[in-house]
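Below you will find one chain, with nothing else, as C-alpha cells; this is the form predicted on its own, and questions on how it binds or moves follow later.
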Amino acid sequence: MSKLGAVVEAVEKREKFVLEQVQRARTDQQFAQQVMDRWNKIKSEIPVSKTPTGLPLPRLALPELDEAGEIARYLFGDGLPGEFPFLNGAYREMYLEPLRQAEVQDKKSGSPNGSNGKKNGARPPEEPTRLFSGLMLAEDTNKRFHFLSAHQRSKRLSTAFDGPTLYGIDSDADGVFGKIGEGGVAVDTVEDMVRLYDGFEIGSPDFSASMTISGPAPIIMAMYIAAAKRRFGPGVVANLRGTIQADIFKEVQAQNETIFPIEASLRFLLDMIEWTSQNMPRWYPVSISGYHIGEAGSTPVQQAAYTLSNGFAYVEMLMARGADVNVFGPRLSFFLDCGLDAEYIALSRVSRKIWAIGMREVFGADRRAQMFKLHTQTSGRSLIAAEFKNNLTRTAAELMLAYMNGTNSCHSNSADEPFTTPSEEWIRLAAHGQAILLEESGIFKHTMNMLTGSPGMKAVERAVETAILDEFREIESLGGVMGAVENRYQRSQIQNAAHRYEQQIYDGTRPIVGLNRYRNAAEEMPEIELARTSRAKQKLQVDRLMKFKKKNAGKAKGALDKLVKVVERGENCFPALLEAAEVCSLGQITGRLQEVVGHFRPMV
C-alpha cells in the first residue's frame, strides 16, 4: 500500500489540531493573549501603499477579527501568505508592485519605514505571465517567441511540440512527413534546440523555459542542456531555469503520449529528477500535471485529487531510491487548469494546503519542499467555436479565478484555438488579458488577499477538501496510484465525467452561451486561416536531420551503445543521455531504448 492513506490521516489530524487551538484560545487566557499579541504585531507591521487615486491600502488584507478563537482559526487553519499550510499563497507577496519609499509610512511616527520600503524606481517583480507557442520549424517558433516576449521584463516561454516529437519519432520516419511542424514545433536534434531559443539568454535570471512533453521528456531535456552548453559553455547548466512536463502518470491516465512501458518510463523520469535536482538547482524536472486530466474530461475535484496523488507517488518512489526529499522536493512543480465551475474558486488553494500537510507530516519535508509551486492555464475545453469571440470573456473570468487562487505563473488561451494554432492577433489579446488584470487594474497589485476568504470561498474550500480526500481513500483502497492505474480507475472515472459533461451540454443543464443558450442562429462560422507547415519547410526539416545523422554517424553508435549498457546495469542513465543528445537524434535514442525496455502497451 502507498502512503496516500497517511496523507488523508494527516489532513484530518491537522483539522482537529486547528479546532483544538481555537478551543484553547477561548479557554486559556495566557494562550489567548499570545494569539492576540501575535495578531496585533502582524497588523502593525503591514506596510501601507497608495493607489494612483491616492487611496491608502494595506499591503496585506486580513479579516477584521478581535476574538482570540477566530484569530487562532485563521492563523493555524489558513496561515498567512508564505506560511504553512500556504492556503493563502506560496509566498509572502505575489503580483504586488514594489513599494516606493515615499508610500511607506510608519504608523506611529509617520516616518518612512525603510525596512519595508524600496527606493523609487525599484524593479517590479517577475511577471507571472507565461507565453506559449509551438509551430512549424524551430526558427518559426523562435520568431513567435520574440514577438510574444518583446514587451515582457522576464522571458517566460512555454513550448509546444509537434506529434512526431511528442512520440519520440524522427521527422524522416515513415508516414510522419505530413505531421512535421503541425500543432507544435518539430525538434529532432540538439541543432533544432539551438535554433528554437536563439537570441535568448537562456542562462539569465530573467529567462525561463517550459517544455510541454512527457514520453521522451528526459531526451528532450538532455538536448536542451546540450544546446545551452553549445551556446554558453558548461557553466550555464547550473543557472538554467524552467520546467519540463515529464509527468508519465497523467499520460497513462489521460493523454496517451507514452512511448515506453510504465516501469521504464518512471525509471527514466526519476533518473532525470535525481540528476537535475543535484546539478540544476533552479530547474523543475517534472510538472505534475492536472491540466491534461481536466482537458480529458475530469471534474475539477478529480483533476486535483489525481494530480496530488500522482505527486505523492513520485515522492514515495524517489525516497525509496534513497533520494533526499529536501533536495528534490523543492524542484517538484504542478500544473492545473482553471475553468468556470464553482470548484475553481478554491481548487488551487486547497491543493496547496493538502500538499503542504502531506509533505510535512508524512514525508518529513522542510518548508521549501512543502510549497506547492503552481502553473495554471485557462481551460482549453471551455473554448467554443460557436460565436468564438465570447472566449475572450471566458478566459478573462478564468484568469481572475486563477489569480484569486494565488497561482505562481499563468498562461491564457487564445480565443481562436478551437480552430487552429493561435494567430498573432489572438495570442496577443490573450497575453494582454493578463496584463490588463495584473497591471492596468488594481485588483492584485496593491494588496495580497484582496479577494480571498469570503464565506462562499470558505464553503467551496471545505467541500473540495472533503471530496479530494474521498478520492484519496478510493485510490488507496486500490493499492495506491500504481494499483489504481493498473485497474484503469483514473481513466474510467475521467471518461465517465467527460461523458456526463457532454450530456449536460446537450440537455441544457450546463449552459454554454452562444452554443446552447442565446445562440445567434443567423451567425455563420468565421473563416479562420489555418496555421499549416508548408511542404518546403517539412522537407527542410528532413534534410537537416539527414545531414545531422550523416555527420555524427560514427559517434552516434558509440553513444547509443554506452547508453544501452548503462540502462542494462540499472545505473542512472541521464548522464549517458546527455552524451547521446550531442550526436544522436530524438528518434535514434528513442528507438534504441525501446529495443532494450520495449514499447508501451495500453492496459485493457
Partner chain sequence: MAAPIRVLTAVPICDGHDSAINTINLEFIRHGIEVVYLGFHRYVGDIVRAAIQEDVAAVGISSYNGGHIEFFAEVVKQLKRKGAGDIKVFGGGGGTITHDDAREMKQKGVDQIFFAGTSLAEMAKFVHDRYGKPRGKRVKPKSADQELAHRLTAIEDGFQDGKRRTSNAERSTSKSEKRHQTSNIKHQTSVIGFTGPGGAGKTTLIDELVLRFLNHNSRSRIAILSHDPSVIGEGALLGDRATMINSQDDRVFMRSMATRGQAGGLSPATESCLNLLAHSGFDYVIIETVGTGQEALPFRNQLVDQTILVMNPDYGARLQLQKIVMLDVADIVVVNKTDLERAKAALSEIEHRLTQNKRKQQIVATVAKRHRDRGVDELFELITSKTGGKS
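Residue numbers count along the first chain shown, from 1. Please read these numbers as outputs of a predicted model, since none were measured by experiment.
The form predicted in complex with the partner chain is left out here; the points below concern that form.
A single residue from the set Asn326, Gln278, Asn390, Asn256 has any heavy atom within 4.5 angstroms of the partner chain in the predicted complex; that residue is Asn256.
Residue in contact with the partner chain in the predicted complex (any heavy atom within 4.5 Å), chosen from Asp366, Glu182, Asp341, Glu201: Glu182. Exactly one of the stretches 442-450, 485-493, 215-223, 455-463 approaches the partner chain in the predicted complex with heavy atoms within 4.5 Å, and it is 485-493. In the predicted complex, the partner chain sits within 4.5 Å of a heavy atom belonging to Glu595. Contact check for Pro164: a non-hydrogen atom falls within 4.5 Å of the partner chain in the predicted complex. A residue is said to contact a partner when one of its heavy atoms sits within 4.5 Å of a partner heavy atom; Leu530 meets this definition for the partner chain in the predicted complex. A residue is said to contact a partner when one of its heavy atoms sits within 4.5 Å of a partner heavy atom; Gly175 meets this definition for the partner chain in the predicted complex.
Along 368-405, these residues reach a heavy atom to within 4.5 Å of the partner chain in the predicted complex: Arg381, Ala385.
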